[in-house]
Ligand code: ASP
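Consider the single chain below, provided in C-alpha cells and representing the form predicted alone.
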C-alpha cells in the first residue's frame, strides 16, 4: 500500500479536489491511504477567527466562520452542522476572553476534519469505494498542545485496527493530517505543516511501500525559484539532505517528515498535483552519487542572533550547560552555535520568549541581540570532507558580510548568517557558481 498526502493547494477548491481525486483513482491498484490538509487558507482563517473571538470581536470572528462555511458547504452540505458547533465555540471563547493553546488546537482542527470528509464524499461521488477515518481516533499524541508529539506504537496499533481492514478490502481510506488526540481524546495538532508529518507517521505505521507528498511544485529545487529563476529540480536526494533543506527553509517539505520514513527506509516522493505526470523528487536513504557536490541552497529569514559574553567562560566548565538550560526552559530551539574563549553566539527563528530569555541570560554575562538576519544553508553529500567547498562558497559571496558560520558539525551542511537584505543576492551568487554545470541524471533544468 502507499500513502498519498495532498496539501492545501491540492484541495483548495472543487476543481483541485477533483484533480487530486483523479490522481488517487489512477493508483487504486496500489491500495492508497490518503491524508489531506485543510482547504487552502482555512487554518489561518480559523485561527484568526479564534483570536478575534478571544479579543471579544465576536462579529468579525463569526463573519470569518460564515465565509468558511460558504466555501465548505458548497462542497459538502452536511459541513454546516460543524460550523454551527464552531460558532458556539467562538461565542464561548468571546465570553471567556481566552484563546489557550488547547483551544487553538480545537479551533484549527476543523480545517482537516472537514476537508477529509469532503475529499471522501467526492471520491464516492466519482464512483470510488472510500471511507473516512477521523484522524483523532487514529493519531495518538501527548498533551503538548500546539505541537503535539505522536506516540508511534499506539498510533500504529490504532491504524491497524481502524484502517488496515478497509485497505485490505480494497477501499480508499481518507483522513485529515495535522490533527490527533491525546489518550483521553482531547484534540491536538502536530504544528504547522504537520500534515506531511502525519503522512510519514502513517506510512511508517502501515509499512507503506512509499509516501507521496502532493503539492503545487515539481519537487525539491536547487534553490527557491522565486529567488533564483534558473533553479533546477532535484530528481533524487538523500533523507539527510532533504531533512537539512526542510529545516533550513525549503518549505516544500515539513522538517519532521523524513524521520519516520528513515526508520523504515520508505522512499518519499515530492510531486505536483497540477502536473501529475511529472516524476517529482525521490527522497531515499542512499541517493545516487553525482558530480555536483552541492544538491541545493536554502535560506531562512527572520533569524535573530543572541550573543552572551563573559570572562567567566574562560577555561570554565558548566557555562554552556547553564546557557542552554535557559533556552530549554523556554522551549526555544537553537539553529546554529558559535563559540570563542569568552562569548557564545546562537541563532533563533522563534523569538516569542526572547525578552524572558534575555532576563535569564543576564546573570551569565553581557547579552546582545541582532535581528533581521538570514541563514543561508548549502546542502550536499560529504561536504565536511570535500576540500575547497568553504573557499568556493565564501569566494562566491566575497562582497557580502558574513556574520556567523557553522561548518563541520554536519557532513552535509555548511551554513552562514548574513543580513536579510543580502540574502537573495547571496543565494543567486552561490547558485550561479555551484550550478554553472550540473549532472542531468540528478538535476532537471526549468522548462
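Residue numbers count along the first chain shown, from 1. Keep in mind that this is a model prediction, so the values were computed, not measured.
In what follows, reference is made to the form predicted together with aspartic acid (ASP), a form of this protein that is not presented.
- The candidate spot formed by 43, 178 and 194 is fully in contact with aspartic acid (ASP) in the predicted bound form: every one of the three has a heavy atom within 4.5 Å.
- Shown alone, this chain has one stretch from 141 to 149, 81 to 89, 154 to 162, 194 to 202 that lies within 4.5 Å of aspartic acid (ASP) in the predicted bound form by heavy atoms: 194 to 202.
- When contacts are judged by a 4.5 Å heavy atom cut-off, residue 38 counts as touching aspartic acid (ASP) in the predicted bound form.
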